[in-house]
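The chain below stands alone and is given as structure tokens, in the form predicted on its own.
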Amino acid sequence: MDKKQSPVLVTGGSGYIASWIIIKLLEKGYSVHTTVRDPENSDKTAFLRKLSDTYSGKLSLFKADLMVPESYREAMTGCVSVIHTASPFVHKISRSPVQELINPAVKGTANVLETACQIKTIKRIVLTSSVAAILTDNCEVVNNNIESINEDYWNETASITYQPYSYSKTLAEKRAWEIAVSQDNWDLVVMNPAFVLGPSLLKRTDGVSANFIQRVLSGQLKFGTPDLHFGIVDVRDVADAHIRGLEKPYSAGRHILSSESASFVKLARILKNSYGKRVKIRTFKLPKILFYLIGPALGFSWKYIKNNYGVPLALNSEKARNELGIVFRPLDITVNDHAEQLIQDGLVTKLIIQNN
């Protein structure tokens, strides 16, 4: 594909993953269209506008809303491909999961992909899904004697009342595949990243990954570190995978993106090795009974704690390694780079004060 043939649309341009995708596309010579809900919001668009100036107008910004049909038509017109990253994320327990998570994820995906069916220049869509669309609880791997989870599995245990975020990602991806098989204009490639860490291009701390690293570096985990296990992947590798999915002749289906599986305790130990002389970092495991007490205030239900606390996870990311050629960054580089970004951006004040 000729990079300069047509622009690439990246939805949700002010997002953690999308911002890395956009800058990497621009560095490779692509023209990029991107969308935000409010182009007048300078806090969320300043980075994008600066990029547009740096790359001599190769980046164009459009207004679009997931819940508004036809909202993406202007941004999509003339594009040859779409990377759809825009999706809601609510970390704390949602009081209205249908309105806050499920409708925006499912209807938003449908609105984008159905518009793409009408834009005949679109030949490929790369969708950001999640490992959450593959499974909800780590105990599912252990209880079913599964050696490792691959792309053949679908989340069958999440619901509106239990892990609604995972449920929204599952429904949204299934809707995407329904639309994909109903047309022959474009093909669909799906990325299923695990827990995403790594430096942010935006000075935002509302993400789960940034929030955890902030807590560790600020010495807030006084009673111990939760023994929760996740697949971990660097945000820069996630961005590369999306672009590889765009460029490859065709890499069918889903792709688990995970460098390795690790616990929060292991992440804390990596940070202690790097910053332990500058701030007191606690790396002992928080007893499960204590997490039952404090977990709900952090957004973790008792059922989730029962099914996941202390339970390891094995994810199989060979398809992404072999078909997309992704070489995942080592975990310590990802964690330390993320921590350093937070420190340099002045988002971990306790550590900075102690270092002065």
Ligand code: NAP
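What you see is a predicted model; the values in this text were computed from it and never measured. Residue numbers run from 1 along the displayed sequence.
Heads up, the form predicted in complex with the ligand isn't pictured, but that's what we're talking about next.
Here the chain stands by itself, but in the predicted bound form one stretch of 259-267, 280-288, 141-149, 164-172, 164-172, has heavy atoms within 4.5 Å of the ligand.
Contact between Arg204 and the ligand in the predicted bound form is found at the 4.5 Å heavy atom cutoff. Using a 4.5 angstroms limit between non-hydrogen atoms, Ser251 is distant from the ligand in the predicted bound form. In the predicted bound form, Leu59 stays away from the ligand, with no heavy atom inside 4.5 Å. Contact annotation for Ser87: at least one heavy atom lies within 4.5 Å of the ligand in the predicted bound form. Of the residues given (Val196, Ile83, Met76, Leu113), Val196 alone sits with a heavy atom within 4.5 Å of the ligand in the predicted bound form. This chain appears without its partner; in the predicted bound form, the one residue of Gln214, Thr225, Thr136, Ser129 with a heavy atom within 4.5 Å of the ligand is Ser129. Across the proposed site, Leu221, Tyr304 and Tyr309 without exception lack any heavy atom within 4.5 Å of the ligand in the predicted bound form. Taking a 4.5 Å heavy atom cutoff to the ligand in the predicted bound form, the one contacting residue in 25-39 is Arg37.
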